[in-house]
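Provided below as structure tokens are two forms of one protein chain, presented individually as structure 1 and structure 2.
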Structure 1
């Protein structure tokens, strides 16, 4: 899980990493109230999971509250394919003398960690690593030994820190390792870490946490839950996998591979799915019903059910379909393909309810195409 800047900074603050003063705006409803509480000029930073936000025009400077309001509204309305602006940070402008890069990164294949630092931090750090790799300092260490003060001191010295800045740099590097270790992070990054007249501060941050550690990391669980959409929360509660897409055909299938293969078939025929939904093996009547209920909320032009029964029983699926169509009178047209365990019983139930059913997936897809053209 990749954390956005404001999420990373909340953690940085808890661990005592120095930050510039900032506030977070979580929705457009908060813009007027929160922008009044800040002094200007200030930097307005959209919180969105893309790189190079500044180059994309998603980080700008506001000279006064009026400009801040306009920028916040602009950012919340920005449409970036596949992404949304989740929040906005308003932060004081730091008086920057020098920008640095620093991070703790996991090398999973090498079973070690790296402290990575550079004197050339900022938005072009990727280009620096490609064009001038000698400008990137990497110091490896094992988990069992951890990042020692001597190693942190060596890195801070190579960056040219001295006096108070040397000790502050050492403290920041050690705190990054403390965060990585405690939260089981794959990456904890400050870019840039800037030198100001008052010392070092982190003006941007990024973290990547291990999803597989969620069961023992409450922060990962909370962030996962927060990032779920209404539909994803419903799917999680009901116990099936769901991803919203942008097409017009609702999809219910069983098995991730079968569902993906169905989406590929639709794509090749120029048909666009409205979702990915794998109802899972051994799906109960209740789970299939909940899946259909969710799909109906998407308001697709048609629904395609593709069940290859192994553990999942076709008669159970048929019962759920019949019940859903009884309960939702405004349900879109449905095309159903059933084959596998108890398929005769399932087909008999559907035909008894005057519902057409196919045993070949291509025939079902062709029928969907006909329905959409009507």
Structure 2
């Protein structure tokens, strides 16, 4: 799960990472009251999960409270397809001597961690690492040894920190690792870390937390509750994974890879899926039924079901389909492909209910195309 600046900074603050003065406005009701309590000029930053907020005009400077109010209203009402402005940060303008980048990142395929630092803060680190990798310092370390003071010191020294800022820098890097370890973060990033006349402060940040650690990380539980859409919550409770897409064909499949492969075949033929839905392994009749119910809510023009039964049984899936079609008289046309465990039983159940079944995926996809053009 990705955390935005305001969520990350709350955590940075709790762990004692120095920040610029700021306040968070959580809804338009709070604008008038909260903007009064800040001194200007100040920077107004939308909290939205898009890459370059500045380019999109979602970060601006307000010279006084009046301007701050207007900007906050504008930002909250801004429509960015697929994203929302979750909150707004008002922050003092830091006196910037130099901007740096620093993060702790999980190297999943290397099964280790990196402390990454650079003298070029504020920029897109992925871009810099491609164009000028020499501008980035990466130091790897293992989980069991962790980030040591010596490693942190080496990184801070390479950034040119000295005197007071050397110790400050070391402390910040060690705190990033403390946060990563304690909250099981895949990424804890400060960008930029700013050198001001009064010392180092974190001006922007982001984090990625592990959804699978929710059972022992209350913060992940709380954020899931807050961040997941109504559809995603429904899917999570029912036990399948769901992503809403923008097309017109509802998809129910099993297995993430197989579902993705199916979406690829569709889009190659110019057909747009309305969703990604992996019903998961060993799905019960109830789970498949709930998945269909959710897909019907998207009002697709057709629904394509593709099941390769392993732990999942084709007859269970067939029963759920028959039940759903009985209960939803306005259901869109369904195209079904079943193969694998209990395939014969599943197919004969569907045929008994006068529902066509395909055993070959490509045939099923062609049928969807036919249904759409009717």
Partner chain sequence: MHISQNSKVIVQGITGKQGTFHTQLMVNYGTNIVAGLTPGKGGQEVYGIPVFNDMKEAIQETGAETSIIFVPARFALGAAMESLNAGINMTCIITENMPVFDMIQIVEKAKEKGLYLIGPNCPGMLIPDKIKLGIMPSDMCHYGDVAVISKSGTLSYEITKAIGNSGIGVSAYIGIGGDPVRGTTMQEAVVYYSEDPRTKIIVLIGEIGNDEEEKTAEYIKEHVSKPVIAYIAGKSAPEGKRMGHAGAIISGDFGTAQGKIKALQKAGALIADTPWDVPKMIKEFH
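Positions refer to the first chain, counted from 1. Here the structure is a predicted model, which is why all the values come from computation and not from measurement. Just so we're on the same page, rigid core means the largest C-alpha set that superposes within 1.5 Å between forms.
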Structure number, where the criterion is the form predicted in complex with its partner chain: 2
Are residue 17 and residue 109 assigned to the same rigid part between structures 1 and 2? yes
How far, in degrees, does the smaller rigid part rotate relative to the larger one between structures 1 and 2? 22
Keeping the rigid core fixed, work out how far the Cα of residue 229 travels between structures 1 and 2, to one decimal in Å. 4.3
For residue 254, CA displacement between structures 1 and 2 after the core is overlaid, in Å: 10.3
Shift in angstrom of the residue 126 C-alpha between structures 1 and 2, rigid core held fixed, comes out at 3.3
